[in-house]
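The chain that follows stands alone, in the form predicted on its own, written as structure tokens.
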């Protein structure tokens, strides 16, 4: 009998024990040589019952992970101010810090508030001040939101730290089948929650545009089928059960339609499903293999992978005209396209010299830039602010997740404590 475990309620989501096989952690490999120096002073704690997490350390880690900031070591700080009156710019100028962040944590029952201030050390001026407030149990997310604010005020680009990751973890138990777990975590790998556990394969997790639902492929019925699942309730719905291939689900930007690959009529083609009526519309009809659909941000066209030219390449289907155009030409293999939120670039798996790398294609200039140097990179997923690409690769003979900056040298790994991890999906921005 197949073993399947689904988390059904929000309470259970919060209470489920973290499995060691689902836990991933950050290992920064390389930062940006031009990273901005910033001092993030430990936040002052006011009152009793403070959360166990060091919120300033979480902000420090977020900014360092972006590759655009170089946080100062706490041992190099000459003072630890928590209010503007305690800030002496000469001390921070001596440390070569470009920016200074201070803050204060306070409790009111189960609620936590973090007040913070950001200073430009060079101009000796306050850049901005603000606060984050919420449940103590959500303290880490408050810190991620704070990091987003700091990131945006300095770079002009919204931060993407207060987001979520999906990934598949796989563990082989001696004498038993491999266990597959669909796991959701914070953007730094913390607070993992197993959403689904099965002894059958899981593939292609993806997010709805509002980040309230996910979709994925499960083999729990003995063949691949596409499911959608609400995160708040755990309620699931099986969307397909056709013979042959049912794969690669992709939500439209308005959340009303799902693109997918089906081979129910004999050949893998791209179909669109109206999620309200379940009506299918076939948009490709070719003797080649058409798969891996993904939407352009305007919802008017779909990119997909096809070998109709002899080798896998990225194509575009215009929903208004029905016209199909080839997008990629450089290299003999380009697949698994993912589009940035502004629609200007596409990340993909690109083959060069027999190795599979992650590359980014500028759709305006047609310039293709290879981002990774490892050999078996796959399943790219781009951050909602377009600055980082998460992907699956191999390290020390194990499947891990890794990330690389679209521009710059920043790289980090997210290995699991046990087992392999693969198929990452970075969430859209999450509303409060």
Partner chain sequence: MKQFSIAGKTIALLFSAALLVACSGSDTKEDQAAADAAAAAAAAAQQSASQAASAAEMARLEEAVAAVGNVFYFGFDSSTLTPEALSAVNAHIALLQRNNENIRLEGHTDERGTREYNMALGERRANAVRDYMVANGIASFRIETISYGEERPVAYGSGEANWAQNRRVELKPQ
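Numbering follows the first chain given and starts at 1. Remember, predicted model here, so these are calculated numbers, not experimental data.
One more form of this protein, predicted in complex with its partner chain, exists but is not displayed; see below.
Undergrad: May I ask you to choose, among 145, 336, 236, 181, the residue with a heavy atom within 4.5 Å of its partner chain in the model of the complex?
TA: By the 4.5 Å heavy-atom cutoff, the listed residue in contact is 336.
Undergrad: Which of these residues, 356, 271, 295, 227, gets a heavy atom within 4.5 Å of its partner chain in the model of the complex?
TA: Checking each option against its partner chain in the model of the complex, the one that comes within 4.5 Å is 356.
Undergrad: Is residue 245 a contact residue for its partner chain in the model of the complex, using a 4.5 Å heavy atom cut-off?
TA: So residue 245 counts as contacting its partner chain.
Undergrad: At 4.5 Å between heavy atoms, is residue 159 in contact with its partner chain in the model of the complex?
TA: The answer is no: residue 159 has no heavy atom within 4.5 Å of its partner chain.
Undergrad: Would residue 312 count as a contact of its partner chain in the model of the complex, using a 4.5 angstroms cut-off between non-hydrogen atoms?
TA: Yes, residue 312 is a contact residue.
Undergrad: Even though the partner isn't displayed, in the model of the complex is residue 288 close enough to its partner chain, meaning a heavy atom within 4.5 Å?
TA: Yes, residue 288 is a contact residue.
Undergrad: If we take heavy atoms and a 4.5 Å cut-off, which stretch out of 273-281, 328-336, 86-94, 207-215 is in contact with its partner chain in the model of the complex?
TA: After filtering at 4.5 Å, what remains is 328-336.
Undergrad: In the model of the complex, which residues of 196-214 put a heavy atom within 4.5 Å of its partner chain?
TA: 199, 200, 201, 202, 203, 204, in sequence order.
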